[in-house]
Each structure stands twice: as C-alpha cells, then as structure tokens.
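For reference, the chain that follows is the form predicted on its own, supplied as structure tokens.
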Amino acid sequence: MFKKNYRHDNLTAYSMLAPILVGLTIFVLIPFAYAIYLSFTDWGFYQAPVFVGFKNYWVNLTDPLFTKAIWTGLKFTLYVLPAQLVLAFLFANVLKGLKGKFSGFVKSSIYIPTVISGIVASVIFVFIYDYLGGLANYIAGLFGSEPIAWLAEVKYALPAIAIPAIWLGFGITTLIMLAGLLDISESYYEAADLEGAGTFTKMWYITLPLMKNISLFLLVTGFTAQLSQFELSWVMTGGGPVNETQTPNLYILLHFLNDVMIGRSIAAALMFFVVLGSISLVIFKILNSEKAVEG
C-alpha cells in the first residue's frame, strides 16, 4: 500500500514537472547548445556552417575593441550601481518615515522612470545634453562654465550616459529597499534605544546586516543589468566618441548587424556570458547569502 502511494506521488510530481522541463529544453537548452555549436563555425544566413575550431574566440580575444568594450561596461557599472544603491537606500529611509496619501504619491512618482524604456530615456537626455539649448549646459552656465559637449567629449560621454541609467533604475531599487526596511522588526530598534544606541549605530549593527539579502539581490541583478546595458549608448552616442561608450552588448550588436559571418558575434556573446556569470559568482561568494537573523 505504501509503495503504491509512493509511486503515485512520484508520478504526480513528474507529470507536474514535465511541462517545465519540456519548455526549458525547447527554449533554453537546445538554443544554447546550438549557439555553442555555431560559435565554432563560420556561418552566414546564406552559407552553411563551416567548422573553424576556436578561431572566432581567438579573433575576439585579440580584438582590442572587445576587451575595451568589456572594460567600458565595467566602468559604466561602477559609475551607476554604487550611486544607485546609496541614493536608493537613503531615499528609502526617508520614504519609510512618510505617512498617508503623500507617501503613496511619492512611491508612485519615483516608480514612473521604471516603466519608461531606455530608448525614450535616451531621447530625453539627448535634448538635456544638447550643446546649445540643453538643460545641462544652462545649469552649468549658471556656475560660469562654458558649454560642454557632454556626449562628444571622451571624458564626459560615459558619465553622461550613466546619469539616465541611474534615473531609470532608481525607483524600483528604492521600492525594493523600502520593502526590506519595512520587513525589519521595530523591536530591534526599540531594544537599541534602551541601550542608548545612536542613529549611525543602529544603521550599522541592525539595518545593514538585516538588509544583506536585499543588497545581494540588488547587487547581482543591478550588475547584470548595467553591464548588459546598450540602448543608452546606442541611441545617445552610437558607441562614440572613439568607442569610449561602446559597451559589450553594443559591440556584439554592431558586429551582428555589420558582419557577414555570425559565428564571431555568437562567440563574443558566449564570452560575455562567461564574464557575467563569473563576476556574479564572485559577488555571491563574497557576500555569502544567508539570512542573518530570523525575523
């Protein structure tokens, strides 16, 4: 009787898992395996694949533009992610103290940039950075600065693109931070008050440790999102000036659009996938996600 029920339970479990496994195989595993195969070939839309071994990988590795694109993506992520997390954390603490309808209005307002596409944000900020009539140069002029070609000068172009990226992700990051803050029991802060702990002490020993899992999630997803960013640099600068804003995905996209042979673009995409996965694993290893305190 026990064995019969056991087999019945297993059959039910397998039948429920089957649609997921079939979908995973069709839409993930088979395309991924086929992409790996094509990365070892010279293949065009009008030519059958010809096996070339590691040639595509070697060409990418020895292409200075590929390594520069990876480095540009890392710099862009370092511009965006720390600023976004710090600003979101501070603003989430402000939001936590707000009450009533005004709190709801602010939460709704800061979420608006999240639903705006990267293309639309790019167009908005191209106007803001306009050399002659842009808002950025108007504000700089109030401080006595000469007009700046924000998107055409090497030292300004990447930071200028980082600002709309911070703006786009600020709302959702803040709301996730706020959810984490509201999940912390007030009893911890009350106990700290009895011990005479100050604001900084409570933040350092209570808030930050209990926000560890939220921080890990935002770090990994934010890192992946920013390193994969390409719409902003594509629309705002086209990867220039002098390839200074050409991110890894934009490098892959431009090669895909312009190269006759697709194998090299696929090899570049797989190499970028390895870079993303490796750095995400390092972040997981360093922060070692474990729930610090059971709430």
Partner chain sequence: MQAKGKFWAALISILMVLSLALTACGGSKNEASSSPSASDEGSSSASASPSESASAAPAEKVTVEFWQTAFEDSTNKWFKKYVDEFNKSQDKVEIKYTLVPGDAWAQKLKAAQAAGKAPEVYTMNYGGIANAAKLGQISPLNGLLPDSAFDDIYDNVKDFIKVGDKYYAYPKLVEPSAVLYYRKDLFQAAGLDPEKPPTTWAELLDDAKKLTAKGVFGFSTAQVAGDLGWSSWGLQFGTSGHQAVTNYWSKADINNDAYKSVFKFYQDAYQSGVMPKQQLAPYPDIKPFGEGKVAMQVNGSWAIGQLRNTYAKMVPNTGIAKMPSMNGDPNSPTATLGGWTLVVDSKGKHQQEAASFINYLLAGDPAIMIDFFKTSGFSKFSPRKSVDEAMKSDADASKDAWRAYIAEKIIPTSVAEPIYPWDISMAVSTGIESAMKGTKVDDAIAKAEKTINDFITNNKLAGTNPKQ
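Numbering follows the first chain given and starts at 1. Predicted model only: the values in this text are computed from it and were never measured. Basically, rigid core = biggest C-alpha set you can superpose within 1.5 Å across the two forms.
Below: the form predicted together with its partner chain, not depicted.
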| item | value |
| --- | --- |
| Leu287, Leu281, Val275, Ala18 - the one with a heavy atom within 4.5 Å of its partner chain in the predicted complex | Ala18 |
| Listed range touching its partner chain, judged in the predicted complex by heavy atoms within 4.5 Å, from 196-204, 98-106, 178-186, 125-133 | 125-133 |
| Val260: touches its partner chain in the predicted complex, heavy atom cutoff 4.5 angstroms | yes |
| Any non-hydrogen atom of Val242 within 4.5 angstroms of its partner chain in the predicted complex | yes |
| Proximity of Phe76 to its partner chain in the predicted complex, heavy atoms at 4.5 Å | no |
| Partner proximity in the predicted complex: Leu151 to its partner chain, non-hydrogen atom cutoff 4.5 Å | yes |
| Yes/no, Phe273 Cα shift of 2 Å or more between the shown form and the other one with rigid core fixed | no |
